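The chain below stands alone, shown as structure tokens; this is the form predicted alone.
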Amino acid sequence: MAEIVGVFAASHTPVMLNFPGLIAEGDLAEVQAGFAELGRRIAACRAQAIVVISDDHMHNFFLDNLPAFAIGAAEGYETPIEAWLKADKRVLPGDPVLGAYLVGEAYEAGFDPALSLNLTLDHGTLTPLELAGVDRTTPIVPVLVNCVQPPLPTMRRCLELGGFLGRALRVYTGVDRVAVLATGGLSHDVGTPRMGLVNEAFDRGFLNHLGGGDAAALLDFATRQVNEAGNGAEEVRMWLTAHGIAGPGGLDVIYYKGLPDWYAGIGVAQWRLET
């Protein structure tokens, strides 16, 4: 059966790749060091597949077809879909067997994700993989969570999805070692007069709750206070999904700082897995 060898999370924003020099040189060096450490930790896991939990920024899904959750089961994923993103266009290798397995097990467990064999992934997935220098040959399985257009899945449902994914991965027999990378958030606002404002109090409070063992307090905090952190902060759902996978073992914050010139609170973290 598969061992979950690492559960990680990192913020994503296209300005990380497009305009890195918008922030102070010292801040840029610290961010880059944080992502480099993330890459080292992922490499040390020696994972045979990585489940990447992210969102789709209305490239694959729109108002005519907007699933709460979608799981990819393709041989490969073209990326990035944004022509303006300063990243090489390439195809990320997929693990279609693991993807299809997760879809099937989800239905048995009472979840109803969409299945896609034709996803083109955007900066949400690609940016942290690029900055961390994750091995380009490691297959991924994308799990996409709607964080963009209401109705959004509840914070509780995302935590529950993580619990399901953790259970399903731990009994999967197709690989021996699997890692998880969630990507999104933290506080930021897109396309509103608040764009550029960062809510460090929310970000640090959320990270503190992830590091604690009180799931009810975590969900209450995320649900009640996410509006104070900007529309992009809805992406903390991916962190909650990862938390559900990892369990309440605690959180190691590798890096965090609010960076208004990058329009976001930038965090990088790893969960401590219970053995």
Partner chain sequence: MSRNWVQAIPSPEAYWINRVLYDTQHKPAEMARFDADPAAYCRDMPLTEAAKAHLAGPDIGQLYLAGANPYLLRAHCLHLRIPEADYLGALRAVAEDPAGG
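Positions refer to the first chain, counted from 1. Everything numeric here is computed off the predicted structure, so don't read it as measured data.
There is another form of the same protein, the form predicted together with the partner chain; it is not shown, and what comes next is about it.
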property: In the predicted complex, T173 touching the partner chain (heavy atom, 4.5 Å); result: no
property: The partner chain contact in the predicted complex: V226, any heavy atom under 4.5 Å; result: yes
property: In the predicted complex, F221 touching the partner chain (heavy atom, 4.5 Å); result: no
property: In the predicted complex, C147 touching the partner chain (heavy atom, 4.5 Å); result: yes
property: One residue of L159, A168, A87, L152 in contact with the partner chain, assessed in the predicted complex (non-hydrogen atom, 4.5 angstroms); result: L152
property: Per-stretch contact check against the partner chain in the predicted complex, the hit in 246 to 254, 230 to 238, 209 to 217, 27 to 35 (non-hydrogen atom, 4.5 angstroms); result: 230 to 238
property: Heavy atom of each of H57, D64 and Y263 within 4.5 Å of the partner chain in the predicted complex; result: yes
property: Partner contacts in the predicted complex for 97 to 129 (non-hydrogen atom within 4.5 angstroms of the partner chain); result: A100, L115, L117, N118
